[in-house]
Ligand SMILES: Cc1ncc(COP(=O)(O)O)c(C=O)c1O
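Read the single chain below, which is given as structure tokens and is the form predicted alone.
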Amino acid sequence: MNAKPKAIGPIPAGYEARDGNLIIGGRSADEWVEHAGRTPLFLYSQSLLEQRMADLRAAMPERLRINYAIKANSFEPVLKLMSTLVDGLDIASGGELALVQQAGIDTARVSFAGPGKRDSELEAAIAARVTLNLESEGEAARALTIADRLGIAPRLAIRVNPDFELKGSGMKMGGGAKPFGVDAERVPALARHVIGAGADWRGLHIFTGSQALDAEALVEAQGNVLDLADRIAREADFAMPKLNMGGGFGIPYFDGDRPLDITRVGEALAERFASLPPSLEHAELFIELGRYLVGEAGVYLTRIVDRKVSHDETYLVTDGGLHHQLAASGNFGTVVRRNYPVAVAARFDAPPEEIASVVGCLCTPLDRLADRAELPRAEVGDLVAVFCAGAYGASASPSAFLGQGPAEELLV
């Protein structure tokens, strides 16, 4: 081992070895690849998805409702399963609305956030009884005009750009100038206008950030959200039918990351819910989660097609890469590239024997799935498993790059 190794992230709980092989959904990785007929392959574990939801329900106050943000993973079998486990779904485009409709899910359970909604998307959402989270006064005007033409009272909420952020979050979605939502001080006037125009008023959506592992930061942000919602409701003098408190729950990707203490978050929410102000005491209270619900339930399997040495460094060249796993390659918002959890599937419980970099098949130096990782020795034909692949893998990667095309996906 001449090269200095770089640590890999922690493999999520729930994965086991049988005769040395990685087991997912009761079968080995090799068996699933044989079943699918090819690699690369995303596998999503139904049992891990169900367990995550059960654990979350147990930790959160009974009153709290949970939405699934489908941008994390919109694979139809996963979408259908999640729709049976959550209280609602959040979308961010007309294309995602079409996916929900194709899956046969009741669109009255859906809310739609995101800047830059086209008129055609607004019309489709209004017609489908989707709740629109308005991102600006201009979007509100367009939605009301379209709804008037259709003869429908639109379901409208307002997305608030809060004057605070989620500390330590991977992506900050509030505080300061943002393309998302209406600045908090302008929300009361817009709310009064929307209600006065005859809309089916659905309350507020306040999203402060994502990928937080610090329970205390989340507790603080959620408390600030409740305080802000109360202030806006009192200033605008409206009843709060619904408050989407956003998400932000993170998962451990990298060495040193620790799982979020959801028990602490749930206890703090229960304490706040026990003494809500009059403006919120009858509101439906939601959080929306994507990555936290599905991320650790997914594994990306890619086959080694070449093993090579360059200047004393070993490279395991696979048939996958950043076109399916942009985030794992370090090119999806990461400032300093660090290794996701990876393993050699057929030697899942074997000790490391060498330092090797796992790279993809694309002709770019950005195509790297693991950098100088300590791994059991792997040969051509072996499968490499990349974990934490259930969120923002297939749904957030440039699968058309260099004509490679999408990976196979299975819910198992």
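Keep in mind the model is a prediction, meaning the values are calculated, not measured. One-based numbering along the sequence shown.
Keep in mind the form predicted together with the named molecule is missing from the figure; the text below concerns it.
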Could you spot which one of S111, S210, S329, T318 gets a heavy atom to within 4.5 Å of the named molecule in the model of the complex? S210
Counting any non-hydrogen atom inside 4.5 Å, which residue from A140, A233, V225, L289 sits next to the named molecule in the model of the complex? L289
Choose from 43-51, 347-355, 25-33, 64-72 the stretch whose residues reach within 4.5 Å of the named molecule in the model of the complex, heavy atoms counted. 64-72
4.5 angstroms heavy atom contact with the named molecule in the model of the complex for D90: yes
Closest heavy atom of H323 to the named molecule in the model of the complex, within 4.5 Å or not? no
Quick check on R202: any heavy atom within 4.5 Å of the named molecule in the model of the complex? no
According to a 4.5 angstroms non-hydrogen atom cut-off, is K117 in contact with the named molecule in the model of the complex? no
Neighbours of the named molecule in the model of the complex among 383-412 [non-hydrogen atom within 4.5 angstroms]: Y392
